[in-house]
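One chain comes next, on its own, written as structure tokens: the form predicted on its own.
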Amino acid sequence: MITGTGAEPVIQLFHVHKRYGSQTAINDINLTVTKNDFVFITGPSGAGKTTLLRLLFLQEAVSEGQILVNGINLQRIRRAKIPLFRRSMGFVFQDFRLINSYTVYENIALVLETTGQDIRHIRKKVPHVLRMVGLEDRIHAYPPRLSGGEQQRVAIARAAVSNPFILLADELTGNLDTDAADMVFGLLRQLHSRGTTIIVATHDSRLFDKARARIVFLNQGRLEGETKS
């Protein structure tokens, strides 16, 4: 089993398989991620990186095996409890998933509204997280008016606004130029320094020099080992 260096496991995968019909996307993965780990999941296109993140976020169900997150067996969570489970996690999607008809403020506030946060708390928290990503002046802008790098930073702010214990990011910088990618990755380092466990799926090996992290190699759905950056 591939394990982290910390004492407290927050994510554990035991012989996890994911199949779509006759196609195997994840093949017998064993992996442990410990508290405040920074982990890159890397490999070629089609290796299963995105599928692995989707399993952790309960967007997909495993075909075989078990996943524990903070001691919770994901195979035993009732469907009605999934939104509550996801509140402890943030997910930054490759395609941002911002609502174009909502302002930047509204996109981020929606996360807090769905968890029943008080409106006064939301009005303080959203500007705070936008200051963190350097976009306070874009608070009333709509996503189509933002650059790709700005949209990615909004997506990170949205994922971070609920202070997630774990943050998952899928091909975080794939569509960004070097300067925007550096800024976006700096935001992840900030979150990591505050105690968030970070898992980034990427095929971009240039990122490995940007953080002290575990690098886990995935190929054709199998883990093939790991190293450190």
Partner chain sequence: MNLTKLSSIFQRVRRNISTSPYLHLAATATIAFSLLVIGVFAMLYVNISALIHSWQQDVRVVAYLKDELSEEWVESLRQSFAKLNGVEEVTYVSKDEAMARLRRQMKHRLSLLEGLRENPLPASFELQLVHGAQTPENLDLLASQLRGFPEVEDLGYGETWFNRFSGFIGFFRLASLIIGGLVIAITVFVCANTIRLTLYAKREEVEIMRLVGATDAFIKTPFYVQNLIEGLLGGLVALVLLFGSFKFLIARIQTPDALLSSCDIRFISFTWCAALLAAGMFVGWFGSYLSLKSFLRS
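Since this is a predicted model, take the numbers as computed values, not measurements. Numbering follows the first chain given and starts at 1.
We do not show the form predicted in complex with its partner chain, though everything after this point is about it.
The partner is absent here, but in the predicted bound form a heavy atom of R79, alone among R76, H140, K124, R79, sits within 4.5 Å of its partner chain. Of the heavy atoms in R153, none are within 4.5 Å of its partner chain in the predicted bound form. When its partner chain is considered in the predicted bound form, S147 lies well away from it, no heavy atom lying within 4.5 Å. Taking the partner from the other structure, its partner chain in the predicted bound form has a heavy atom within 4.5 Å of a heavy atom of E106. Interface membership of Q59, defined by any non-hydrogen atom within 4.5 Å of its partner chain in the predicted bound form, is confirmed. If you take 80 to 105 and check each residue for a heavy atom within 4.5 Å of its partner chain in the predicted bound form, you get P83, R86, R87, F93, R97, L98, I99, S101, Y102, in sequence order.
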